[in-house]
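In structure tokens, the next block holds one chain alone, the form predicted alone.
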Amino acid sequence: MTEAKPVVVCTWSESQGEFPVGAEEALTLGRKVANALGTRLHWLVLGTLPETGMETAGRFGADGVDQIEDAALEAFSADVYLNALAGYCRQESPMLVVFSQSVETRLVAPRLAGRLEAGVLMNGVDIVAGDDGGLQATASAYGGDTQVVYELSGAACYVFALAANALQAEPAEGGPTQPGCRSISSDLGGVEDRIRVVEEARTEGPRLEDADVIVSGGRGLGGPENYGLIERLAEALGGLAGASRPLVDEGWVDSSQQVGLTGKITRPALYLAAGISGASQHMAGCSAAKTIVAINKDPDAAIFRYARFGIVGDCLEILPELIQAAKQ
């Protein structure tokens, strides 16, 4: 009897020694799909295995950990990583390769699918097994306004990128497994980058994606001199300051503070939007918040459709009052 093809979750660290962002969520989804199809779950790690890697693999139900460690993988290179992944997949023949979606995986996942002649789906939210034993994948569409369900059929392999904060990480039912660890060889010496990074964006400090409280401002603030109100309220609430895309485009704030489809995808306990209209592109980055509070002068603003609490009024008048109340 032919052994069922495995489900593979692939991750790598943004910096040496760091735990891969989104790995636990991707392993949660991979374990669910592998259980539904009665097959094995492998965690493929490119580069150094995190210190807690084996414990995490067992806690989330991985049957095995595969590691490709090579000097060429110490810094991210789309071409090098692509070659390592393609070689691994040709050797192991997985039915599904799951990535945690990021800027880097956006560069690699579609190209990997092209190399393998596999199906590919980005902005993924979930995968379930259909009644016929096939797979149905759900993805976010139209800036997060809706979701689309795809039937995965006709290909030997599928590449799936799980959107940030699409699901909650949950350890495997039945307790931890005892996965083994394999070292996978890969010849990466002759691979050269076709694209050279001239200047790399750098961010320091806490990340919006991890914040429990976010206070974001939009054009309703009037001018860059008023963005300080957003920062002061965020500090008073113990959170981080965010912004809509227009503020980034106009140079008010750095792009690392942008919330939305082309910015950060967040899942805070509280998201306070001041002077933000609620366009679908922005809501794609905050609609998963447990509680959304909106302040806007326009009572018909789209943001109020998403908000649990809404204040109709000038945010320049309301924000100072909220700052004072938060400090008391």
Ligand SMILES: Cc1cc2nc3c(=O)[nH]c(=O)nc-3n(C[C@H](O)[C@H](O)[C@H](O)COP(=O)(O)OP(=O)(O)OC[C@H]3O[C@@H](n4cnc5c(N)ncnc54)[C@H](O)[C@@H]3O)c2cc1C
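The first residue of the sequence shown is number 1, and the count goes up from there. Predicted, not measured: the structure shown is a model, and the values here were computed from it. Under this definition, the rigid core comprises the largest set of C-alpha atoms superposing within 1.5 Å between the forms.
Another form, the form predicted in complex with this ligand, is not on view; read the next lines as being about it.
This ligand is not drawn, but in the predicted complex it has no heavy atom within 4.5 Å of residue 94.
At a distance threshold of 4.5 angstroms between non-hydrogen atoms, residue 59 is out of contact with this ligand in the predicted complex. Put simply, residue 239 is far from this ligand in the predicted complex: not one heavy atom of it is within 4.5 Å.
The shortest heavy atom separation between residue 55 and this ligand in the predicted complex exceeds 4.5 Å.
Contact annotation: this ligand lies within 4.5 Å of heavy atoms from the stretch 255 to 263 in the predicted complex, the single such stretch among 45 to 53, 66 to 74, 255 to 263, 32 to 40. Interface residues of 285 to 305, taken as those with a heavy atom within 4.5 Å of this ligand in the predicted complex (partner not displayed): 295, 296, 297, 298, 301, in sequence order. Once the rigid core is overlaid between this form and the one not shown, residue 38 does not reach a Cα shift of 2 Å, moving by less than that. After superposing the rigid core, the Cα of residue 162 is displaced by less than 2 Å between this form and the one not shown. When the rigid core is held fixed, the Cα atom of residue 177 travels less than 2 angstroms between this form and the one not shown.
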